[in-house]
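This document opens with one chain alone, in structure tokens, the form predicted alone.
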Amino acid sequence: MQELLVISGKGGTGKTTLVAAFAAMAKDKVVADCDVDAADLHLLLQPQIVTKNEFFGLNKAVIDAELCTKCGSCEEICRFNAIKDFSVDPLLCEGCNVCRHVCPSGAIIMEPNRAGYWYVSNSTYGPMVHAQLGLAEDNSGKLVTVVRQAARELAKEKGHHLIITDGPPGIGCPVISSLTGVSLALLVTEPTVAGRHDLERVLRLARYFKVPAVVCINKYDLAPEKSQELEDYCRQEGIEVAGKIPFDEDVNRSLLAAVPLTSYSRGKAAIAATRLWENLMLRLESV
């Protein structure tokens, strides 16, 4: 089984648009949305939920009013200001467990906290695993791991040999959880100063975990000089630029229509995305 992960050093580079385009072209695959903090791949693929599963994050503190002596130790020690008037605000509680240890009467217990849900779904573009975090809930990477594992099990069940994953942006814990062990990472960047900086960071991360990586420059024609700088940087680093996507208003039109780009249009961006997909398939064959 092979796993293609699409990530970027920052949000808004167009990785979800590309993943949806790949999903429309690929056969015998499972799609996974690991960008659980801002999941939006379902808006394009419009999946029908088959199973809905609870996700429990860090435990939250709860004070037993009958045992509480109102000594105030917990409120004094809580660095997140989650305890006030001998009650815990679950939105502020980080589940650090310190208050339970300092409570002299044993009035504080840590209870499981339902942080969101993860889903197994069907869509026009194939089976999909995705998730949704609750309001103000934190993603430590645990939910990403749950989504990835479910996608692998679904692929085995369906007899598919490819998983296409929309990964989270940045270089934090969720990205690490989505990156480790994949067959190939596509790093999506854009021709800006910030795009170059963030590409460098995410490339270092991929190399640290020894994950083969290639680059896509999105909207390259909006700043040709910066695009050339990105290509020169990739050449110096020995990393392949697998594709360059031009600016195309059909991209926005496809998003408004909630249809993957390569199903909506045969314009210049869709053609470039198709060529990128073909290059990625060739690269995966050699991994």
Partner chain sequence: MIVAVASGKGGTGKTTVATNLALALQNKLPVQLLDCDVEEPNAHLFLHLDITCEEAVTLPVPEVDNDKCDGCGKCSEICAFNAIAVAGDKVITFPEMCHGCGACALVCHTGAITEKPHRIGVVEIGNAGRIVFAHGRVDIGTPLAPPLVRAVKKHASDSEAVIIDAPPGTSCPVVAAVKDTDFCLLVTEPTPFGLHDLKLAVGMVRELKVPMGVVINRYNEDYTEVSEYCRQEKIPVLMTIPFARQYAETYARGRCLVQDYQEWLPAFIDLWYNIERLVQQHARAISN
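Residue numbers count along the first chain shown, from 1. So that the term is clear: the rigid core is the largest set of C-alpha atoms that superpose within 1.5 Å between two forms. Quick caveat: nothing in here was measured; it's all calculated off a predicted structure.
There is also a form predicted together with its partner chain; it is not shown, and the following applies to it.
Among residues of the shown chain, residue 212 is not one whose heavy atoms approach its partner chain to within 4.5 Å in the predicted bound form. Under a 4.5 angstroms non-hydrogen atom cutoff, its partner chain in the predicted bound form lacks residue 64 among its neighbouring residues. Contact between residue 256 and its partner chain in the predicted bound form is found at the 4.5 Å heavy atom cutoff. Although the partner is absent here, residue 230 sits far enough away that none of its heavy atoms falls within 4.5 Å of its partner chain in the predicted bound form.
Only one of 30 to 38, 235 to 243, 48 to 56, 65 to 73 places residue heavy atoms within 4.5 angstroms of its partner chain in the predicted bound form, namely 30 to 38. For the options 161, 197, 158, 114, the one in contact with its partner chain in the predicted bound form, meaning a heavy atom within 4.5 Å, is 197.
If you take 153 to 188 and check each residue for a heavy atom within 4.5 Å of its partner chain in the predicted bound form, you get 169, 170, 171, 172, 173, 176, in sequence order. In a rigid-core overlay of the protein, residue 73 has its C-alpha displaced by at least 2 Å between the shown form and the other one. In this overlay on the rigid core, residue 100 has a C-alpha that sits 2 Å or more away from its partner position between the shown form and the other one.
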